[in-house]
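What follows is a single chain, given as C-alpha cells, in the form predicted on its own.
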Amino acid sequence: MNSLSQLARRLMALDDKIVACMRCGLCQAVCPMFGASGYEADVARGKLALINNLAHEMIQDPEAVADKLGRCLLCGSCQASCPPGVHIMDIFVEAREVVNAYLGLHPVKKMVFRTLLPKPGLFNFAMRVGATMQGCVFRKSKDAQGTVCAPMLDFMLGDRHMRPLAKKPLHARYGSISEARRPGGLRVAFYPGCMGDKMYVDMAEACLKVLRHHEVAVFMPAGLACCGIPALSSGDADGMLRQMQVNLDLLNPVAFDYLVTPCGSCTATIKEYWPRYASRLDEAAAERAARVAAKTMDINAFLVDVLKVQAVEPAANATKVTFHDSCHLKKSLGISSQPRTLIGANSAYTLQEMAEADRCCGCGGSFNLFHYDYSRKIGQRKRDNVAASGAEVVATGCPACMMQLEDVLSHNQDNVRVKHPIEIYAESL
C-alpha cells in the first residue's frame, strides 16, 4: 500500500509540472524524432499528453507507455524552445522512472546498472575481456573513421559501424594519478567518462597532454564509475545513485579546484542530476554532490574561460573543420563558443560552419541501441550537413556524438575524420 501511495504522489507531482504546457506545438519543429517518424506521439507535446493521463494509460497498457516514452533522445531541443519554459527533460526522466517502478526493471538492465556499472573493477574486467575477444567478432569497415562492424551480430547491434574497444584502456595505462599542485597553479580532477576510458583513449590522453602543457596538476583516481546517465535515462534512479556514490567517495576526500570532463553528457549529469538526486541517499551525500557539481566544468570551457586559451589566425593551407554542437553541451550547459575557440587555437585548422550545427545527431545514448533505425535516419541528416560543409574533419565535444558521426560517415563512405576539439588543440602543442 505504501508503494502505491508513493506512486500516486509522484503522478500528482508530474501533473503539477505539466500544467504550464500550452500545447503550442513549437516543439514539433525542433524534435529530431518527429522529423524522422512524423508521428505526433513522438513530439514533446504528445508525450506530455500521455504523461498527463499516465495512471490510466499504465493500467491499460504499461508496455506501450514505456515504449512511447522510450522514443525520445532526451536531447533537450523541445525544452530549449519551450516558450513557458516547461522542464520537459525532468518530466520525461521522472515519467520513465515511474513507469519502471510500476513494470519492474528488465533483468538485464538491472544487472548492468545496479551490479556491473557500480563496480568499476568488475566492469573494467568485462571490458578487457571484450577488447581481447573483439577480433573474433568484428571486422574492419575500411573507412576513414577507423571503425569496425559485426555482421554476425546484426540481430543485436544492427548494421552499426563503431570504434573498437581500446586494447589498453586509460585506467590501465595510467593507473591512479595524483599530481601535486604547482606553486600558484591549479589542480583539477579529471573525469574521462566511460568512453574516454575505454574507446576514445587518444582523446582522453589529449586532455592530459593539454592540462600538463598548461601546468595544471591532475588528480584521476583509480576506480571511477559511470556518471549514471545511462541508468537514469532508462528510468533506473537507483542504479544511477549507486554509481554516483562510488564517484563521490573517491572525489570528495581530495582537494581540487575544478572537475573537468571531455564529455558533455557526463558534465551535464554531474552538474545537474547529481545534486538533484543525491538527497535520496542522505543529507551528507547531497552536500558532497553539490560541492562536486559546483566545481564541474566541460574541458572546452575550462581551457577557454579559465585558462584563457585564444584563437589564432588560420594558416593559408589550413584544414577545413566543421563543428557539431552536442545536445548536452549546448542545450543543457550553454557551451557553444568555447569549443570553436579551442579549434581556432590551432592555426592548422579553419572552422567551416555546417547548417543546423546544433540539431541532434541521433545518438541519444540507449536510444541508439533500441531504435537504431530512427537513430540512423536522424544521423543521416547530420551527415548530409557535414558533407555539404566541405570539411575534412568534423569535431564535437561528446564521445557519444563522435561514435554516432563515425557510424553515419562510415556508412556513406565519407573521407571525413571525427575528432574532439581537445585533440585538435593538442596537435598544436
Partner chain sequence: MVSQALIKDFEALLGKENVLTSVADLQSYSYDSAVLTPVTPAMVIRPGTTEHLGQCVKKLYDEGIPMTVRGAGTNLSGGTIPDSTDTVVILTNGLNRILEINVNDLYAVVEPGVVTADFAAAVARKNLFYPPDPGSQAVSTIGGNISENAGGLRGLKYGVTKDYLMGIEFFDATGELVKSGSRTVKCVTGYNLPGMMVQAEGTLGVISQAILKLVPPPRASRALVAVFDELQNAAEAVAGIIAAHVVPCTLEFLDNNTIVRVDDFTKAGLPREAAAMLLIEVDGHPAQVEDDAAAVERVLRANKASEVLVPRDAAEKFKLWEARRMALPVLARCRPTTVLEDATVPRSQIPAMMKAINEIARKYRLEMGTFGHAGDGNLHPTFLCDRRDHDEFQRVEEAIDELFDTAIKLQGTLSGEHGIGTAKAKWMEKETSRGTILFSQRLRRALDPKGLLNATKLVGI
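Only a predicted model underlies this, so the values are computations on that prediction, with no experimental measurement involved. Numbering follows the first chain given and starts at 1.
Same protein, other form: the form predicted together with its partner chain, not shown, and the subject of what follows.
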Partner contact for Gln28 in the predicted bound form: its partner chain, 4.5 angstroms, heavy atom | yes
Practice prompt. Flag Leu50 as yes or no: does it have a non-hydrogen atom within 4.5 angstroms of any non-hydrogen atom of its partner chain in the predicted bound form?
Written response: yes
Residue-level contact is defined here as any heavy atom of the residue lying within 4.5 Å of its partner chain in the predicted bound form; does Arg23 satisfy this criterion? yes
- prompt: With a 4.5 Å heavy atom cut-off, would you call Leu69 a contact of its partner chain in the predicted bound form?
  reply: no
Note: its partner chain not shown here; in the predicted bound form, the stretch from 345-353, 75-83, 316-324, 283-291 having heavy atoms within 4.5 Å of it is 75-83
Within 4.5 Å of its partner chain in the predicted bound form, do we find a heavy atom from each of Ile177, Lys198 and Val254? no
Those residues of 35-52 with a non-hydrogen atom no more than 4.5 Å from its partner chain in the predicted bound form are Ser37, Gly38, Tyr39, Glu40, Ala41, Arg45, Gly46, Ala49, Leu50
